[in-house]
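Only one chain is given next, in structure tokens, and it is the form predicted on its own.
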Amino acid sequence: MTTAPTPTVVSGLAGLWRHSLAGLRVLLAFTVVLGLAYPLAMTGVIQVVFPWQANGSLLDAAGEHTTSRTDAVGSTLIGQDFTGPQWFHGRPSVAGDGYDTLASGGSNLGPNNADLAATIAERQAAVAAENSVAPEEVPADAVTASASGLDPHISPAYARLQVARVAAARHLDPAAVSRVVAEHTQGRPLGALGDPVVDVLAVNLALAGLE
């Protein structure tokens, strides 16, 4: 013969069930509001207010803003490989095989690592020879990869180093190339943070437009 649960046990189970249902309702409500409604609302607002930035800060072949991935030749946020003397070159990349957006990252090698030191020396010699300058004139960002491996910018010093080579390859006046670099040099954010940078993609597209 079974013993019926005492009123205290029944009351306790009922309270536990009631609290569990209340918690589940709160969880579902927050999931709908914060997991669906809020992200969708923010996506809609950003697409209206900042459509270019929301779609990847893409540029077309004319160097103009575009939200079409079909017309885009690159993003101002992601570096890419430019080869040949007629182009400004970006920072080295160790993301995958280079500028691989699916393998963003650095080498994680420390400054005392022998392999890193050898790689930097090799890059320094190559950049110096390519731009006909002394190795000690090569700036640090020309021979070191960024932490992401996708940095789209170079320092004004590295850009100036490349002006003569690019101008000669394109049969342009070096002063004209320098003006393009100056026009695409971005100052310090808020006037105090970081350092001025040059957007490599924007400069190269502007040079292509000059021709």
Partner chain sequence: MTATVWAAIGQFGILLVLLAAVHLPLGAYMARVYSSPHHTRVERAWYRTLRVDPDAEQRWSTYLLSLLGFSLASVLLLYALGRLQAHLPWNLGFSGLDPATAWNTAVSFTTNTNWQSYSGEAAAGHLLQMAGLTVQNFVSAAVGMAVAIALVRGLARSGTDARIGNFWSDLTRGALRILLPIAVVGALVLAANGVIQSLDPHTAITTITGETQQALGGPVASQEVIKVLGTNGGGFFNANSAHPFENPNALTNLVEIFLILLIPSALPRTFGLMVGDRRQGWAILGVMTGLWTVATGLLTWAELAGPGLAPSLAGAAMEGKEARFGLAGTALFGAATTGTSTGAVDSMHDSLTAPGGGVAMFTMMLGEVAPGGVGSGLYGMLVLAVLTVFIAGLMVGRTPEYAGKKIGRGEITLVALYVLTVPAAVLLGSAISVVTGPGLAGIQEAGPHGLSEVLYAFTSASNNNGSAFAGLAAGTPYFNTMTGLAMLVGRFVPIALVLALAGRLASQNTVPASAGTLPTHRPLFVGLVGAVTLVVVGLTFIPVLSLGPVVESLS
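Residue numbers count along the first chain shown, from 1. These figures come from a predicted structure and were not determined experimentally. Whichever C-alpha set is largest while still superposing within 1.5 Å between the two forms counts as the rigid core.
Keep in mind that the form predicted in complex with its partner chain is missing from the display, and what follows is about it.
Margin query: Is A208 part of the interface with its partner chain in the predicted complex - any heavy atom within 4.5 Å?
Written below: Answer yes; at least one heavy atom of A208 falls within 4.5 Å of its partner chain in the predicted complex.
Check S178 for me: does it contact its partner chain in the predicted complex (non-hydrogen atoms, 4.5 angstroms)?
Looking in the predicted complex, residue contacts with its partner chain do not include S178, since no heavy atom lies within 4.5 Å.
Although its partner chain is absent from this view, report whether S146 comes within 4.5 Å of it in the predicted complex, heavy atoms only. Result yes; S146 sits at the interface with its partner chain in the predicted complex.
- Message: Under a 4.5 Å heavy atom criterion, is G105 part of the interface with its partner chain in the predicted complex?
- Response: Output for G105 is yes: heavy atoms within 4.5 Å of its partner chain.
(request) Check each of A157, A182, A164, M42 and return the one that places a heavy atom within 4.5 angstroms of its partner chain in the predicted complex. (result) Checked against the cut-off, the match is M42.
message: Where, within 26-46, is there a heavy atom within 4.5 Å of its partner chain in the predicted complex? Residue list please.
response: V26, L27, L28, A29, F30, T31, V33, L34, G35, L36, Y38, P39, L40, M42, T43, V45, I46 sit within 4.5 Å of the partner.
**Asked** Does the C-alpha of T31 move 2 Å or more between the shown form and the other one once the rigid core is lined up?
**Response** Shift of 2 Å or more: yes.
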